[in-house]
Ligand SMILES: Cc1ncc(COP(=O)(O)O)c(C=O)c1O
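Take a look at this single chain in structure tokens; it is the form predicted alone.
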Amino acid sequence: MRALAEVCHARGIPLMTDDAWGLDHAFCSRLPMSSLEAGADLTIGSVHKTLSGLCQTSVMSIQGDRIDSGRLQLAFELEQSTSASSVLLASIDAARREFQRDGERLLGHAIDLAAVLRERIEALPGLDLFRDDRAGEPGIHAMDPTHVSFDVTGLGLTGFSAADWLREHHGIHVELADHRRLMVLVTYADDEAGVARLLVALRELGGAHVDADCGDIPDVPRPQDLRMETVMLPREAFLGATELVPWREAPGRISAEMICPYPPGVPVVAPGERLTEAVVDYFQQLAAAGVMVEGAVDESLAHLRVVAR
């Protein structure tokens, strides 16, 4: 983050970051450096994810003079409601006060619980823990210890199917699941009993799927295999005449929707791009595995929205 800020600032460009999961970093020295500390000029952080704000509470923070605060306020006024919720605003301020005062203790307790959880998961057969010592590898600058991620393909499962099983059999809803992994979030509100309950569920997950084969694990294509040609302005493709076609007929057609498998929520296709067989096949692999998508008209991906001929 610091290096990104230096590159941007050397060219007079402000650095803006999405701190959805990182707002707590400013309140505990045992967590990675916050983006503001690293030099970001504008950050947006969710108070409801890792702190104690009510759902839908977020904060925007700016520092320095690279962001025109007057212009920012003008843009904000265009979008915000004239009936702002005093309950949500009070929730933000209460969370800010609580963690300014007690964040080191509250978040430190979460980190200690997560360390116990990591140690126990590492001993469970079939689960491959994403270890803290991977920090420093390419693409991994630092690790947030409260996000406990592990691969479940050793059980013959996708992350999607493992998450479904935990929800159905133990009433446990994990924070994120993808084609290979589960990620559970340990917060200041968790306790030893909750961690013990999760560990019991994970042991039973392993016991119920010894030598299981729940279908193919999707392969993530190389980035270059997902690149498509933009042949129409996104606005024209999205707002123009469109039609839904079966996925088998979609290669070669121009997409009129943005499809974002979640996680990570990064668009694979945008309006105006010509769909390729590789991308459409990848969508079908993900759909068969149970992926959740954002932006698609048909969330099953059986039909794709394309520009009408």
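No experiment lies behind these values; they were computed from the predicted model shown. Numbering starts at 1 and follows the sequence shown.
The same protein has a further form, the form predicted in complex with this ligand, not shown here; the description that follows concerns it.
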Residue-level contact is defined here as any heavy atom of the residue lying within 4.5 Å of this ligand in the model of the complex; does residue 58 satisfy this criterion? yes
Quick one: does residue 46 come within 4.5 Å of this ligand in the model of the complex, counting heavy atoms only? yes
Is residue 20 part of the interface with this ligand in the model of the complex - any heavy atom within 4.5 Å? yes
Sort through 66-74, 275-283, 48-56, 236-244 and report the only stretch with a non-hydrogen atom within 4.5 Å of this ligand in the model of the complex. 48-56
Those residues of 253-276 which, in the model of the complex, come within 4.5 Å of this ligand by heavy atom: 262
